[in-house]
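Below sits a lone chain in structure tokens, taken as the form predicted alone.
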């Protein structure tokens, strides 16, 4: 009770103080409040991960009924993920936002929105009353909208923010439908009623209820085809907000799906099949679109969709394990999904922070204009490279661990699998392999184009390394990523309690005793040994060559005497072969002009990618709706006499219709008596 009261007091105090302080103090108060909220909420979260749940029930009101606050292991795991990401985001954002000091009022609102989003996310993980849950969800949606439109003077930013807000409320509509359905039958808003409802009716009812919630949470998480808001909101936001959005705001959708799997008792096998199929499509489609992007932050946004697909694959495997009684599949699927949720929040926030450093140094996210930043921004370049290796699932970093668990979950499912499940497993395995290969292609392009080569554009001033204040939280994230990769068994033990929630009723062995845990550690240690060996060779080489004179000269140009920056690979040319293969699936518009002469001074070849799912599911219906309403434009003819006539018709209808209804009712009653 004390923790909850202190939590509320911290939020209220910060909101009241921040508007009346100077710009610097706004940031200091925000960081202090974020730290206090993290400490207060982490106490019951750590306790829950140790096996001791927290439950506090408030009296509520006649409208809400009792308000239960329950923190179990699943809630505790997500609370810790949220807190770590918000802490690193706050410290990074404190220094990132120094360039916006002149916008005092805007920064104050930004700080308040940041705290509201953090507190609402934490509340969503703890509150188990439908009305209060939706209230916290609405605060999160509005707070996130304010964070996205920080640079509201830009038309694209406002457009992205409105797109986000509209789709956020479509998400709420599905959640509201599910909660109303349960409350109307069970006469309570407690989440326990969801379990009672699903067990009181048929399996079909439980499946329909689950997918009503699933669609709502999938919109927030960014599953295909509910992902169209995400590639606009992430690039429009400041870098620390992009990191937080990708790190935890979309993950609250994953939390919602996992929570509903625990609450709704239904046909888990069928649910797992559907989730697994949607997740494979999400992962492949996300990475395919990421490769052809020219905006660095938009590229990273599509990789968020890809990794949501990977998390969904783990959830789908776990559901099938629950439905078939395969405890190994359940454990490996949910362990991989939950661990990858944490891993993705780490390396994706690090990638967005590195992109933020690039933006503040060059004021552009256009990959085609960047190049050669590795020499000018060596630390940012190094951090981006480490995060890129991790997101590609390569050892010895954290992305490898969770993907390795999911791979082994698939392999364990091959034993005694029927034909339909075997076909889906082969499809999923091929999909996950394809996702990994395309991710390597994408980040080879991104890192090589942005940080390697020579500059493609002359920036004024010359780009320089980011300040220490922004680099410190980035190195902290990198350190944690490395620790997870080198010693994964400890973190598997940490998330063991949340995984046990999905294995209740099974005979299971602790995952830490699986032979898999030894394989994980051995692979990570071997990879670490390779890195140490390579670093030692590099160090010895530098020591040997340190005293020798260094002579520099032009790179051999294959006999071509007029080299320039345009001769190197661009982001488009690097993936040209892939683009040719993917064109039937993706929407790619080209713009080019003819190049003449040996030393052409002008020439143009641009590719503009577009999301085909957005074109079919959003653009086309909107065009049809607009076309339908345009048929009634004749009513708006500018003639005052017609407008007076419309008013007379409306008033007449308002008067006549009730009387007509009463007369019809009387007539029906009369004939019934006859």
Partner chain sequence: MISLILILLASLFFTGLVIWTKSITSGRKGPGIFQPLKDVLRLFKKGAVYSKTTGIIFQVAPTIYFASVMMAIFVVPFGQARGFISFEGDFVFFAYVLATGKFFSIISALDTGSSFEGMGASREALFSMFAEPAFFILMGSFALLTGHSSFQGIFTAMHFTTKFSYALGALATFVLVIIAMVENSRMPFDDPKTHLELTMVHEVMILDNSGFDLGLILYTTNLKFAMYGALIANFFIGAIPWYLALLVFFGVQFVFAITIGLIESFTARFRMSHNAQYIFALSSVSLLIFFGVLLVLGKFI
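Under this definition, the rigid core comprises the largest set of C-alpha atoms superposing within 1.5 Å between the forms. Positions refer to the first chain, counted from 1. All of these numbers come straight from a predicted model, not from anything done at the bench.
In what follows, reference is made to the form predicted in complex with its partner chain, a form of this protein that is not presented.
Residue 472, heavy atom within 4.5 angstroms of its partner chain in the model of the complex: The answer is no: residue 472 has no heavy atom within 4.5 Å of its partner chain.
In the model of the complex, residue 444 touching its partner chain (heavy atom, 4.5 Å): Residue 444 belongs to the contact set for its partner chain.
Residue 529 within 4.5 Å of its partner chain in the model of the complex, heavy atoms: Residue 529: contacts its partner chain in the model of the complex.
Its partner chain contact at residue 584 in the model of the complex, heavy atom, 4.5 Å: Contact check for residue 584: no, nothing within 4.5 Å of its partner chain in the model of the complex.
Contact at 394, 403 and 548 by its partner chain in the model of the complex, all three, heavy atom at most 4.5 Å: Checking in the model of the complex: 394, 403 and 548 are all within 4.5 Å of its partner chain.
359, 487, 569, 201 - the one with a heavy atom within 4.5 Å of its partner chain in the model of the complex: Result of the distance check: 569.
Candidate from 468, 479, 458, 522 lying within 4.5 Å of its partner chain in the model of the complex - any heavy atom: After the contact test, the surviving option is 522.
Option from 479-487, 414-422, 126-134, 296-304 whose residues, in the model of the complex, bring a heavy atom within 4.5 Å of its partner chain: Of the options, only 414-422 has residues within 4.5 Å of the partner.
Partner contacts in the model of the complex for 24-42 (non-hydrogen atom within 4.5 angstroms of its partner chain): Stretch hits: zero.
Residue 490 C-alpha relocation of at least 2 Å between the shown form and the other one, rigid core basis: No, because once the rigid core is superposed, the C-alpha of residue 490 moves less than 2 Å between the shown form and the other one.
Is_shifted residue 170 between the shown form and the other one (CA, 2 Å cut-off, rigid core): Residue 170 C-alpha, core-superposed: shift of less than 2 Å.
Is_shifted residue 464 between the shown form and the other one (CA, 2 Å cut-off, rigid core): No; residue 464 is a residue whose C-alpha shifts by less than 2 Å between the shown form and the other one when the cores are overlaid.
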